[in-house]
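Only one chain is shown below, in structure tokens, and it's the form predicted alone.
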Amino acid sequence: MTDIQKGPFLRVVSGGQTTSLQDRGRFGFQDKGVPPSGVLNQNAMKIVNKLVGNNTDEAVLEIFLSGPILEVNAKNALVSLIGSNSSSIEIINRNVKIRPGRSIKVFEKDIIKINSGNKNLISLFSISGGFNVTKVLGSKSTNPSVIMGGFKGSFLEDNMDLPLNNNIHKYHETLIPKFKSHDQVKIFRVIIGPHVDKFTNDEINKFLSSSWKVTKDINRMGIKLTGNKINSIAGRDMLSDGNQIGSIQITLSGEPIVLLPDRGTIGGYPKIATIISSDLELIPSLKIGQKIQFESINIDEAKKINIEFERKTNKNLSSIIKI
């Protein structure tokens, strides 16, 4: 890493639980065993970036569960957060707190605490100008399992310095009027398959009619669910094949795992269904211990839902106003 003292940076006072730098991800390398990584909520990344005047695909901090505490070592900047309605950015030294869906100015030596709240798994944090990090295989995204990208290839650690790009553009605090996050998501729509032949119709119906509890076994590779045991006829001899984000593997114990951006590129567990792309962006709104269900739809329905989801995102982007 270059000598960050020559430019602005954020100093990590406390790293939080699992915070990493992520952008859209790296693509075209899964055949080499390199997962795409990247943020789970692509549309939220667009919004949180535009709130601070960045390009919509600029890398952001993705925060699982508890957030970090950061010291600003820059003359001025804008910061913003997208999370649940209970999450917030707190400027401790000034006793200021803002909710998601707006940006706020920060100054030299401000201490920022990112409160993820208790109603979601994942929040996104942006800062004007973005982070001064070299791309690896076309992306700034972090993959800690292979020590690649981001800040030394790892999650945020105490006393780490995060280099920033010089913020030279004029900026104003901004706001999305009546912004509301996705809270209390209970149903995820799926396309059944690809391994339909590994499950009987009764087992697929059991999967769709059951309630599944979100366990504490969560990381950027996947989310383990618990509930009724789903039996597969795949056994232990199933050949590994490609893994897709949102695919739901059924383990040998009969429990589902929802695959996330840092998943293995191949896997040997049968996949009973895949969450549609629009509903992937609802996963950050989950919380540990809650129950969810899956609803089967077809591809044409999924396309219509995705068009409507993009429309809502664009509406939020176009509604951003200066304060």
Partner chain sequence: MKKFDFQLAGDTGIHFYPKVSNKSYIENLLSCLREKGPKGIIDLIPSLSNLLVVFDPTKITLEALIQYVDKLEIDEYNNKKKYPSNWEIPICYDEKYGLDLQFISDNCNLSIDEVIETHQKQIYQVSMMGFLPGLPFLTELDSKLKMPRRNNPRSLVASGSVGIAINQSVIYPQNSPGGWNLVGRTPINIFDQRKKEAILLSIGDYISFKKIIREEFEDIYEKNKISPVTIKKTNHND
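Residue numbers count along the first chain shown, from 1. Fair warning: this is a prediction, and the values are worked out from it, not measured in the lab.
Although not depicted, the form predicted together with the partner chain is the subject of the following passage.
Enquirer: Between the options G254, G28, G268, G289, which residue brings a heavy atom to within 4.5 Å of the partner chain in the predicted complex?
Expert: Contact residue from the list: G28.
Enquirer: Give me the residue from N219, T215, S240, N93 that has a heavy atom within 4.5 Å of the partner chain in the predicted complex.
Expert: Of the candidates N219, T215, S240, N93, S240 is the one lying within 4.5 Å of the partner chain in the predicted complex.
Enquirer: Looking at the partner-bound form in the predicted complex, is G149 within 4.5 Å of the partner chain by any heavy atom?
Expert: Taking the distances in the predicted complex, the answer for G149 is yes, it comes within 4.5 Å of the partner chain.
Enquirer: Taking 4.5 angstroms as the cut-off for heavy atoms, does R102 touch the partner chain in the predicted complex?
Expert: Judged by the heavy-atom cut-off of 4.5 Å, R102 is well away from the partner chain in the predicted complex.
Enquirer: Check whether N166 has any heavy atom within 4.5 Å of a heavy atom of the partner chain in the predicted complex, and answer yes or no.
Expert: Outside the cut-off, so no.
Enquirer: Quick check on A302: any heavy atom within 4.5 Å of the partner chain in the predicted complex?
Expert: Close contact exists here: in the predicted complex, A302 approaches the partner chain to within 4.5 Å, heavy atoms only.
Enquirer: Taking the partner chain in the predicted complex, would V106, I111 and P261 all count as contacting it (heavy atom within 4.5 Å)?
Expert: Judged in the predicted complex, none of V106, I111 and P261 sits within 4.5 Å of the partner chain.
Enquirer: Name the stretch: of 157-165, 178-186, 112-120, 194-202, exactly one has residues whose heavy atoms fall within 4.5 Å of the partner chain in the predicted complex.
Expert: It is 194-202 that comes within 4.5 Å of the partner.
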